[in-house]
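Next up: just one chain, as structure tokens, the form predicted alone.
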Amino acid sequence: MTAPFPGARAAGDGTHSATADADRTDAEHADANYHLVGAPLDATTTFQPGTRFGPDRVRRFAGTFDDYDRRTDSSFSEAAVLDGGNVRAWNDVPAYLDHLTAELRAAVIDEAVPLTIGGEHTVTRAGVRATEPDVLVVLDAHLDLRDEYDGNPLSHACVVRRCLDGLGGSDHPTVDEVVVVGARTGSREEWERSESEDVTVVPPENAGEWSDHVPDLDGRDVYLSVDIDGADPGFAPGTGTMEPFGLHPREMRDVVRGVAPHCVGFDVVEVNDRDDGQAASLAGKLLLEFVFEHAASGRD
């Protein structure tokens, strides 16, 4: 049995297991401002797998955090977050993304903001499909702009490209613009794609300045995705593809705070079980920061 994210209410009959429509009630969803689900997809991870453990691990290590936030004078438990448990993953990635999209779209229909804990970064595609934002902002060490990786266009290394360009002739929603904050590595093809007008890359050394002066996003719906490997691996070693010279936690926090008021959806992804909880702790804290800032902005 999965315990809910600390401060959130468990959905359904209290078993808090894989999502099942039969366990839902209209009342509990109607009064929720945020719907949280775990998406433990671990199908295309490279180098160090283990993202299947990410959702429960983030929930566990978030248990040490205080409910009250002095800066916003608010409590997480009063933000009306409903934790629907984990959407059980399987290795048919297209089918899983369809299923996850439907779960997240149900939150949108209920006029709640979907929050997703991954799982590999591929799950962001479901969040974008469900919320149909104008802009995708990503905190990430990697560009994730490959058209395919090892022959797979739905690899976690391709997720930003899929959100921009779609897949083949599919009619799934795509974004108009992507901002990748913290990127410091990519293939030649990816760097060439990043030179297009619809992509902005903010290197780690410029992240602080960018968050201090977030470009005008008023009137534009934003989806924010935090790949935990955007952090320097000294702060978050529990991830699949560590990349040195990365972001500090406070820089990631400031980006989350700056973007959150414009967001229609959020996820934090790529946490695995290969450290002592540093990555999961940072992921959970950034999710808290998102909710505190988003709720304070009145967007919900």
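Please read all numbers here as calculations on a predicted model, not as lab measurements. For every residue, the number given is its place in the sequence shown, counted from 1.
Keep in mind that the form predicted in complex with a further copy of the same chain is missing from the display, and what follows is about it.
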Would you confirm whether the three residues 195, 241 and 281 all fall within 4.5 Å of a further copy of the same chain in the model of the complex, going by non-hydrogen atoms? yes
Tell me, yes or no, whether residue 264 is in contact with a further copy of the same chain in the model of the complex, where a contact means a heavy atom of each within 4.5 Å. no
4.5 Å heavy atom contact, residue 34 and a further copy of the same chain in the model of the complex: no
If you check in the model of the complex, is residue 88 within 4.5 Å of a further copy of the same chain, heavy atoms only? yes
Please determine whether residue 233 contacts a further copy of the same chain in the model of the complex, using a 4.5 Å cut-off between heavy atoms. yes
Which of these residues, 39, 255, 247, 268, gets a heavy atom within 4.5 Å of a further copy of the same chain in the model of the complex? 247
Which single stretch, out of 124-132, 106-114, 217-225, 146-154, brings residue heavy atoms within 4.5 Å of a further copy of the same chain in the model of the complex? 146-154
Going through 38-53, which residues have a heavy atom within 4.5 Å of a further copy of the same chain in the model of the complex? Please give them in sequence order. 42, 43, 44, 45, 46, 47, 48, 49, 50, 52, 53
